[in-house]
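As a starting point, one isolated chain is supplied in structure tokens, in the form predicted on its own.
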């Protein structure tokens, strides 16, 4: 059965062009303006951090609740859906050394309470998906934290979240490095291993980002296949990455079209999206783009994905199976390359 895909992106993907080496180069669009782009560009889902929904995650709950209700109204008026809410645990002064795995009890308490509020926010905007990106849950030097205690704290955090609301699902978005030198859970496999230790593994799955897998020296399609087999792939962040360096978030498929093709192949051939999962993008406009053209990266990624879907669907799968059976991988190589080249 062919899947009709739904697409999502986060408002941070339409940004002012700042990077670690330079300040903003474009004027920022207002949040309301960003919401207007969703339907124009062919997207239905909005990815949120907690403080994308509310003015400040440190405001009193009454203010946060009011902000979240206003956001839900904005979404409903535009026919948009909240895909997930992720507590932004890596930017607060208390969490400079991590949040869940911080050595400071005060920081860990802050992270726990903020995460619970993120769940409350998610219920108002209409999603049960909570994304954990463990940005600073690692070290700059190995001796800085107790690694065994840190793993235990991650399991404890997951358990508290699962206990706090019995309807939520937690999606781990793993990354091997940046901003920390080394993360405690660098890959999908690490996180799913940890998930098995929680009080309800059935509610713990993954969001796989292409660039994060590449940064770990892995192929994103294999990471996706690993999670798909376990029925644990609940979202994706498709993008591209030029080698093992900082997280570039390039438009999907612009660096390695064959690598992108294989991601679409594994998603399409295994029914991803047929249970409502979104094709999420996490892509950034090039710093050189002017404001008026700073949504083209989203348009391009959306188009590239759909064109690759067409290529996956038109591939001669019987021929692929025949070449696999005969171990004629040189011929298989040319079959795929010719297909990508339109031959």
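Positions refer to the first chain, counted from 1. On a predicted model such as this, the values are computed, not experimentally measured, just so you know.
The same protein also exists as the form predicted in complex with a small molecule; that form is not shown, yet it is the one meant from here on.
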Quiz item: Quick one: of 136, 153, 175, 117, which gets a non-hydrogen atom within 4.5 angstroms of the small molecule in the model of the complex?
Solution: 175
Practice problem: Name the single residue among 247, 219, 268, 97 that comes within 4.5 Å of the small molecule in the model of the complex, judging by heavy atoms. | Solution: 247
Quiz item: What stretch, of 204-212, 142-150, 256-264, 73-81, brings heavy atoms to within 4.5 Å of the small molecule in the model of the complex?
Solution: 204-212
Quiz prompt | Heavy atom distance at most 4.5 Å to the small molecule in the model of the complex, all of 6, 240 and 278 | solution = no
Quiz item: Does the small molecule come within 4.5 Å of any heavy atom of residue 329 in the model of the complex?
Solution: no
Quiz item: Is residue 49 one of the residues lying within 4.5 Å of the small molecule in the model of the complex, judged by heavy atom distances?
Solution: yes
Quiz item: Quick one: is residue 90 in contact with the small molecule in the model of the complex, heavy atoms, 4.5 Å cut-off?
Solution: yes
